[in-house]
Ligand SMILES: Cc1ncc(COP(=O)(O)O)c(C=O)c1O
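Take a look at this single chain, the form predicted alone, given in structure tokens.
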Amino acid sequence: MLRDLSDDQARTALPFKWGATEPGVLPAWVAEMDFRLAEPIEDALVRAVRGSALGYPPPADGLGTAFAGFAQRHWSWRVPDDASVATGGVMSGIRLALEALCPAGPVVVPQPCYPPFRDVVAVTGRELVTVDLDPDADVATLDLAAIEAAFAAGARTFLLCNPHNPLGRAWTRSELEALAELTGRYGVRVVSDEIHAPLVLPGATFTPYLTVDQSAVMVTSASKSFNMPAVHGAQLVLLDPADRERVRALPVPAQNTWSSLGVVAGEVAWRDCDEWLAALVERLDRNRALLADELPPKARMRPLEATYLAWLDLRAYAADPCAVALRHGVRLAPGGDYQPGLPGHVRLNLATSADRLAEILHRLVTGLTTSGTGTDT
């Protein structure tokens, strides 16, 4: 079911991830997978293009129905077919939610975080309040005391990443219920990015945040789990009919619209690609074990419960492990992008072939163990 891309094929298929990386350097930085599209998606897109189906996008009602079926099969969650409102991408959906649905006031973002979380707060003219998670904790948890202090000081929106990028946490139901109790007490609205939800790995469970807080805004897309960001399609999932009508009634400039191909690909992904997704999760589970086995002994990796993005603490080896890795032929994502000022951390993408991942780890370990301890810059 899962078809690996060769290096040459990857440079053509993934021009940002591979094309922006020097030849001879293995890219393990940006969140794209080194696999071909699932065949049902590929076939549907080819049919659409051959049929010249590149006009203005349709209403996308089928996208909500397909997602509802996926949610029922995978998470035993009954979400109404009409709860989804299509949008262009997850970040444009978050921006839309902030501007159209969230109360005035500062926005709380836990760090480390996906960097556009900070950017979207700035773009919407809101004040950003960051809450840093403890880099030394064995398991990353939400700092509810710090979050409550931000709410008490006037913050009225919370950006949640569920599952979390880059920490790889699949928040438990009890953790999410504690957050929901807190937000309910202070009148805070949660916008939950759940683009990584289908990528929860064996041993963990995904809990849709809307199942603990029906007033929240869920933003998701099939693009991450099915490796197709270029088709430009996502959705807001809103349980309140008034919220849905408010978003649908917005003028065209307020809504970064979806594409016709995004609707086609999204519907097929949610409806017809369970077997491909199962093969992907199995591969990621094996690669997770390989990563844990091959890291040097002083490297710290918190339990990777979801996503294909490992958050590594390499402070014992180098202040700037990304620079060390690059000199040895591996490109990683620097931890400072996710939490400014945080040294010695990297995000590593393991969605690739086992052989390529083994080579990435060999180069990384060689670089770390021959570059001194904690002093390399």
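The model shown is predicted, which means the values in this text are computed figures rather than measured ones. Each residue number is its position in the shown sequence, starting from 1.
Form predicted together with this ligand: not shown, discussed below.
Shown without its partner, this chain lists 161, 277, 129, 101 as candidates; in the model of the complex, only 161 has a non-hydrogen atom within 4.5 angstroms of this ligand. This chain lacks the partner; the member of 91, 239, 212, 201 within 4.5 angstroms of this ligand in the model of the complex by a non-hydrogen atom is 91. Between 190 to 198, 145 to 153, 291 to 299, 77 to 85, the stretch whose residues reach within 4.5 angstroms of this ligand in the model of the complex through a non-hydrogen atom is 190 to 198. The candidate spot formed by 31, 165 and 223 is fully in contact with this ligand in the model of the complex: every one of the three has a heavy atom within 4.5 Å. Interface membership of residue 114, defined by any non-hydrogen atom within 4.5 Å of this ligand in the model of the complex, is confirmed.
Residues of 318 to 332 placing a heavy atom within 4.5 Å of this ligand in the model of the complex: none.
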